[in-house]
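One chain follows as structure tokens, the form predicted on its own.
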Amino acid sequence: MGKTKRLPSIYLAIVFIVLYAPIFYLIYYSFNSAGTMHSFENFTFDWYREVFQDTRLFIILLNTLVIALLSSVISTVIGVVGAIAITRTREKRFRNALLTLNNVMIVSPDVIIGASFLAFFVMIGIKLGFGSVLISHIAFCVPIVVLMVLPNLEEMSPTLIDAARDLGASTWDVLIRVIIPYISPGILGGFFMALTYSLDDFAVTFFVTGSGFSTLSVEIYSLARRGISLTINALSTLIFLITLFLVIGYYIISKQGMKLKEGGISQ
């Protein structure tokens, strides 16, 4: 019986090892002074210094962060409005159709999405660069925000809104003082998920970037094609750590939101 109980834990440990072993292998050799990924010579920060001294990489990092932050904020606003609109839709068929359309961007392969956006931008004459990347990132981040916010809206009791209206609250007051505070954990979760997806995206960005504009994921791919360099390891390690801190931040905030919600219910 005890062995049976241990099997899920063992399986989960194997899955995590398979997933994270290549990442830790990459991180380990990012400190190798030999400049190869075969034999570790001495511990060094030289490859990280190269990353921070490279002006072009710094500009690309700024591009990536600006795109990620802007697309996350805009997609969060659009996603919250879209989720509220879906929950307010009374006709079941129309609501299911909206949910299906929302999920298309999530289940569609990134290559298809990127190629579609490329054809769309060329057709309407939008120059590939900052604008095309921003629009593309907003497009695939909005469905993620909608899915993160919807559960909070669906579990929200209609009596809260009715009570606010009985007390004389306007539609705007109901939205700002009742709905938004209640679904704030979902909003924060959607924002952090959108930020993570935007930072990590390669396939869609690769199709819609123009000459003179790039993001970190596309730049790492270009560097890797030129040959093995531990600068790639250092840069990838930094991206991994940033993403890890974002995920931890989202987890902490969501846990605090759940505690506040449970405290409000108990009172």
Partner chain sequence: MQVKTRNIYLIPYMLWIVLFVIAPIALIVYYSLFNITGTLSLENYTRFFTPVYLGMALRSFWYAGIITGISLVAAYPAAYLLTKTEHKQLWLLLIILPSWINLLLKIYAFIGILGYYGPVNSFLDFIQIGTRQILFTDFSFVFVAVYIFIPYMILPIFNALEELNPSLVAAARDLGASSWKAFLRVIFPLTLSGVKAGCRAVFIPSLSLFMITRLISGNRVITLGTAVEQHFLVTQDWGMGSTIAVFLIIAMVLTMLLTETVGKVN
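Since the structure is predicted, the reported quantities are computational estimates derived from the model, not experimental observations. Residue numbers count along the first chain shown, from 1.
We do not show the form predicted together with its partner chain, though everything after this point is about it.
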Subject >> Whether 101, 233 and 243 all lie within 4.5 angstroms of its partner chain in the predicted bound form by heavy atom >> reply: yes
Original post:
Can residue 217 be called a contact residue for its partner chain in the predicted bound form at 4.5 Å between heavy atoms?
Top reply: yes
**OP:** Using a 4.5 Å heavy atom cut-off, state whether residue 229 contacts its partner chain in the predicted bound form.
**Re:** yes
Subject >> its partner chain contact at residue 158 in the predicted bound form, heavy atom, 4.5 Å >> reply: no
Original post:
Is the gap between residue 199 and its partner chain in the predicted bound form 4.5 Å or less for some heavy atom pair?
Top reply: yes
Subject >> Among 66 to 74, 53 to 61, 40 to 48, 202 to 210, the region lying within 4.5 Å of its partner chain in the predicted bound form by heavy atom distance >> reply: 202 to 210
**OP:** Scan 142 to 174 and write down, in order along the chain, each residue with a heavy atom lying within 4.5 Å of its partner chain in the predicted bound form.
**Re:** 142, 143, 146, 165, 171
